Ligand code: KG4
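A lone chain, given as structure tokens: the form predicted alone.
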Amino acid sequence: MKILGIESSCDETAAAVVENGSQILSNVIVSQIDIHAAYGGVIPEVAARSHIEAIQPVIDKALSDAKLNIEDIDAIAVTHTPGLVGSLLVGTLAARGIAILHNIPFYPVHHLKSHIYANWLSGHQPEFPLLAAVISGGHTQIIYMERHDSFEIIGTTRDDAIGECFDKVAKILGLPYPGGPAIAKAAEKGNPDKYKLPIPKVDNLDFSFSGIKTAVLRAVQKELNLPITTPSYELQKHLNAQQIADFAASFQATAVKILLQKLKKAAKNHPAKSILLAGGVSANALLREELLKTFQNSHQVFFPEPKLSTDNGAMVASAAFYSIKSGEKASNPYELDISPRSIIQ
């Protein structure tokens, strides 16, 4: 089965063709990072307009790269929730139009489900039951899956998502957007033990990242002997390269420790054969390294290829394939609505 997957939930316009849920025939992504970097974050109106310009050329190239015509496509899948309203509209309207025009079965897909299924695109099949840590700019969740299309949220963030925290700490340190790659790069020359940052005490398997962001801010102010009223843009002027590297390394190490502590606790309480990472933060090299050290002797460990960690159409197509295998029926494209906020279920 060849599925055309379309993704436009935030700031990547993407389309891909995937065969039988795991073989990528094409994967085209147009990123808006350079556009939004000037603003230090995603501007929703700008993102939507950029999607409008890119969506049809991206779909055309995905078909061309796969050496297929639209008539060769067996199903169309599109991200319809959660995400930015304007961005979601562009992708879903394009997918609906193609499905209606060519009478192709149509499947709306939850964005977080897609990220989990990026792990089925790397050549190996995770075994159930499994634990998936979905970690991105907008989400931090631990999800327990006993089988395909069965999702139980057993831990979630109570405030900031981990990716959002990376962005905000990067801003404090004067590093560019997006914060995840910038902090990882700066941390390469830093000492992760230089600054002691607190581990939030949160019940059960939930997360809290707002406190560590504030802890970094206060630590920088203390290091520079500046009052707590000093804004972050003033702090950046006084930090030298080594201080930035040390703060980046200390924050990154603490964030990874928080994630692994919760995953270890989840693994004790939930029988799982596989541990998965999913979402943009899963590209973090230190996290991958520490995850392997922690679980490689007790579980199968999976994380997507770095190019599949961020938003892409291939993961959407893969998620749709396994939903179809699980018995999901095609949706009516005339009736599909988007939802900027929703939980995976």
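All residue numbers refer to positions in the sequence shown, first residue = 1. Everything numeric here is computed off the predicted structure, so don't read it as measured data.
The discussion below concerns the form predicted together with the ligand, not included here.
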Q. How about Asn284: is it within 4.5 Å of the ligand in the predicted complex, going by heavy atoms?
A. yes
Q.
Test of understanding: in the predicted complex, would Glu164 fall inside 4.5 Å of the ligand by heavy atoms?
A. yes
Q) Heavy atoms within 4.5 Å of the ligand in the predicted complex: does His80 have any? A) no
Q. Heavy atoms within 4.5 Å of the ligand in the predicted complex: does Gly280 have any?
A. yes
Q) For the chain shown here without its partner, which stretch in 272-280, 292-300, 55-63, 316-324 has non-hydrogen atoms within 4.5 angstroms of the ligand in the predicted complex? A) 272-280
**Q.** Residue among Gly190, Pro108, Pro126, Gly179 with a heavy atom within 4.5 Å of the ligand in the predicted complex
**A.** Gly179
**Q.** Of Gly138, Gly211, Gly86, Gly174, the one that lies within 4.5 Å of the ligand in the predicted complex (heavy atoms)
**A.** Gly138
Q. In the predicted complex, which residues of 307-331 put a heavy atom within 4.5 Å of the ligand?
A. Ser309, Thr310, Asp311
